[in-house]
Ligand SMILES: Nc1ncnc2c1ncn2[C@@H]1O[C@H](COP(=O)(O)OP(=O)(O)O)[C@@H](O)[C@H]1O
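One chain comes next, on its own, written as structure tokens: the form predicted on its own.
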Amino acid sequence: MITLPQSSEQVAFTLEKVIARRKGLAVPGKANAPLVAVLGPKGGTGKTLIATNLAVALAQRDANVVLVDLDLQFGDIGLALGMSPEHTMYDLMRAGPPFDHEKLERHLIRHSSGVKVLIAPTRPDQASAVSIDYLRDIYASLRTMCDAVIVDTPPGFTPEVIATIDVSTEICMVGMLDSLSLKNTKLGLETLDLMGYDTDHVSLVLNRADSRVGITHDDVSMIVGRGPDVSIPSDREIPRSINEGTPIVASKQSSGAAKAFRALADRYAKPPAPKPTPLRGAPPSGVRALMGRRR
């Protein structure tokens, strides 16, 4: 529903969102696993860095994680993880539905960390083959075959990104300490609010948070309207880890950046099952029960 009067930009955005939803945002069936969409309205903020390290940090907790590269024209997940694109999302689209577990497993590439990756098409001209209808079905199936789905998105609110947001359970918004990035981060958060997204499920991650560029964390709160939930410090090992295809949470586990990525993973990790509390007055069990009967 569009409440008038509205600006032409707001009307256009609402119509684009409705069209995307009609094309396949409602996820049918049961979806158990959380889906975390890693967003950054401005390019170059480190979304791929965040997505890869988050996925590996979750896998280090024995979680079954699927990482999806939604940057359909210029995806870098494969390069960041040092993986050869044996199968890509383009190949999956050509195979067509139904996207059952067996078909998806054939198109997922397993990283040494245990993370399974659905790599973006290798050429920009292949991006148009990715259908929102198919994307909806893929997400629905993935969420029934793993513990968590992490989606690395391209800049902007394209129909594919809107589709991902609307089926996501959590949003990880990535920004940096520069005025352009913070302005776009603020606009991104406002856009999520216009979409009716629950702010309790939006985490703000500040990348290169210790950069000395004349902007403080208080400035971030004033510009964006909230402080960061997780701050990722700069680390000279991060570019090396990207070039080597080994996320820093695996290559330098004691570094400040790795600790920050694990803190981010804490926000999405499945809580451990509570230990059962023994009932008062319950009969003893095991060795104690046997010894009791001998007395």
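If you're wondering where the values come from, they're calculated on a predicted model, not measured in any experiment. The numbering used is simple: start at 1 and walk along the sequence shown.
Keep in mind the form predicted in complex with the ligand is missing from the figure; the text below concerns it.
- Not displayed here, the ligand is approached by Asn207 to within 4.5 Å at the level of heavy atoms in the model of the complex.
- The closest non-hydrogen atom of Ile238 lies within 4.5 Å of the ligand in the model of the complex.
- Residue contact with the ligand in the model of the complex: Val230 places no heavy atom within 4.5 Å of it.
- When the ligand is considered in the model of the complex, Leu54 lies well away from it, no heavy atom lying within 4.5 Å.
- In short, of 262-270, 59-67, 222-230, 238-246 it is 238-246 that has heavy atoms within 4.5 Å of the ligand in the model of the complex.
- Along 103-129, no residue reaches a heavy atom to within 4.5 Å of the ligand in the model of the complex.
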